[in-house]
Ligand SMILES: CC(C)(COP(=O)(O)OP(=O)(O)OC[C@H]1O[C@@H](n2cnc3c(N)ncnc32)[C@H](O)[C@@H]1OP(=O)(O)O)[C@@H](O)C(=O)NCCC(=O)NCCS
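What follows is a single chain, given as structure tokens, in the form predicted alone.
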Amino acid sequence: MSHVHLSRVNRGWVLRSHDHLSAHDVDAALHTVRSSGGGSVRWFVFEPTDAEIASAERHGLRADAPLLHMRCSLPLVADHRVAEGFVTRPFRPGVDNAAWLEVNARAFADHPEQGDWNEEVLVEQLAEPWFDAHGFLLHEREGSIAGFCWTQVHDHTVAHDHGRSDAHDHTHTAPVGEIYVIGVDPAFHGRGIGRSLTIAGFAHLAHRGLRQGMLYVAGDNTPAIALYESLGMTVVRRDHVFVGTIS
């Protein structure tokens, strides 16, 4: 199973590969999940074969919304403007952890991996070599976090991050800046925070000299896709997603 990438993401699992998988590959990977206590599984496949679709069905995995990889040229044409009464500032490790985790949980209440982040997961991510507090932007109003845009720079590689917690599937290319995670507290929806944060994140990456921007978005997130397209982003890859629980 050397070409199969199975990774733990919080309480769930993510399965992906560079190549198409045989029924044996899938069986072996999900056996590992089962023998390790089970949990939710998300399997990302580019143009799945009939055999892969049959394997997913056999293990009770259903088709979910596809994952879109979107890209844009930097800098964006749009300028960053913060809504009146809001300020933008960098994340402060160790100071903003608890408040950010609360907002993240609310923003991703329906997301199987991102919404489950806890202090341990956050601290692990803050310790990654690529972490840059200046690229972890918060929109704040009267001391409360309204939303956030966490960016990441891939130095001469593009990460095919299908699990959202560990991006280790890479293709060599020019440096690229990614919006790693972006979220808005539901209490602040409808105020243009998402647009403002997206522009702020890509502006930060452009300031660092990046000329290509990217992000991943669920294929059924129509408002977000429309927002990103309005800023000049286009879809460059679409992965099918199979989800389910292995016990």
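Residue indices: 1-based, along the sequence shown. None of these values were measured; they are calculated from a predicted model.
Omitted here: the form predicted in complex with the ligand. The next part is about that form.
For the options M214, V184, L30, L205, the one in contact with the ligand in the predicted bound form, meaning a heavy atom within 4.5 Å, is V184.
Contact with the ligand, judged by heavy atoms within 4.5 Å in the predicted bound form, is confined among 191-199, 57-65, 42-50, 205-213 to 191-199. Contact between Y228 and the ligand in the predicted bound form is found at the 4.5 Å heavy atom cutoff. A107 belongs to the set of residues with a heavy atom inside 4.5 Å of the ligand in the predicted bound form. Taking non-hydrogen atoms only, N221 approaches the ligand to within 4.5 angstroms in the predicted bound form.
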